[in-house]
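Next up is one chain by itself, shown in structure tokens, the form predicted alone.
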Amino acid sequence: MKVGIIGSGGREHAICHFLSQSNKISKIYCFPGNAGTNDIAENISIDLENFENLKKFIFDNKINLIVIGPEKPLVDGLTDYLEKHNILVFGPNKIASQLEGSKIFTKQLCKKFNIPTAKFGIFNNREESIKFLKNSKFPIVIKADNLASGKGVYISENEKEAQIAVNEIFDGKFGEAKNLLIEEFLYGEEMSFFTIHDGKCFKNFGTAQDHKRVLEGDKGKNTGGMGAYSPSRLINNELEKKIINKIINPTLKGLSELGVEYKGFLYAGLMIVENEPFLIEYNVRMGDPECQTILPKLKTDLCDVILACCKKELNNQRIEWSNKKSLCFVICSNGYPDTYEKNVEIPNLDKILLKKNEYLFHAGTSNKDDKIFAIGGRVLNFVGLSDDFSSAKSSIINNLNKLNWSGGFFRKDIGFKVIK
């Protein structure tokens, strides 16, 4: 069969890599892909907002299955459009994607179905927001309601920082913002919890811990993710049951009351407070870089799992996992998450000879004249799989030393809570 993957990040390269290992798949197209996917798939430059052209390409090239990686096409309704033309798609529809597309949609769902989450207020102008801040307790969390590529969240330590956040959101830093959320700050530890759904049932799809802040020691600005490890050190049987019963099941019930069946990956971003889960946010796709950390642990053919979801047969599909520990370091362009230079060559990639259980996934890269260039903020993902996190880190550092790229930087403390 032929498969098309929508997206160009590290997540999509990881999905592409593991799908390419399936003997069911004869060809993969990536829309638009990156320099890494270029080695195992055919990259197609196409306007992802032009659904008609994409549909034509799918029909002309007899593509059997489309896997949507990032959130924007899902929120824009690409699944609905392609399914209307009888194309097999893995990813939730437009209404279900509001779980990520609108933080307010999710918060109202939490309120209606008693899903544990931080106390919150919704504001539709800067004057009311700033007035509210005058009597608030700090730190406080301020979020843009719309999609913001993982960056529209501020943790403000004082009123001055909070006012800057409000102004930046309403001034359009993350696109047009009609609303913002102001939330209480929860004291706990974050965890990413993944499930995979076929519209009728779901199965667990691993846990991870993401490192969002740009600087070591979890300091500095929020990013799309500087690294991750899997499994989360917080997960246990009791907590897992609480997450499913208090958060995942009520969410699915809320969607079903809207006439929606959820199909695809669901990523619950949680705050764990004394072994109690609170929902921070939902993402309607695999996390990035969590996907790069989790997929290397999957022993079952990824194609089988995705097809089972598309055919509503997930209940009959066994999903097997390795017990190994997985760690991912993200290499970013100098200056990220602020301004960074584009089209910077990465010269030493040919010196990286990956051993078993070592992976290199590209993100913001492109090929030109047999050379590879950095064109994005997050550029490369080095992943190590081992019996313990410490050995996984050693293998990654060894490869990073060989790369020795002056155009980028990385956090050296990824996994510091699980590595002595």
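Numbers follow the displayed sequence, beginning with 1. All values reported here derive from a predicted model rather than from experimental measurement.
One more form of this protein exists, namely the form predicted in complex with a small molecule; it is left out here, but the text below deals with it.
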Do heavy atoms from each of I155, E184 and K212 fall within 4.5 Å of the small molecule in the predicted bound form?
-> yes
4.5 Å heavy atom contact, K143 and the small molecule in the predicted bound form | yes
Exercise: N222 in contact with the small molecule in the predicted bound form, heavy atom 4.5 Å | yes
Can any non-hydrogen atom of I115 be found within 4.5 angstroms of the small molecule in the predicted bound form?
-> no
So in the predicted bound form, does M271 come within 4.5 Å of the small molecule, heavy atom to heavy atom?
-> yes
Could you tell me which one of D304, E276, E128, E190 places a heavy atom within 4.5 Å of the small molecule in the predicted bound form?
-> E190
Which residue among L295, I196, L133, I280 has a heavy atom within 4.5 angstroms of the small molecule in the predicted bound form?
-> I280
Which of 135-143, 85-93, 254-262, 295-303 has heavy atoms within 4.5 Å of the small molecule in the predicted bound form?
-> 135-143
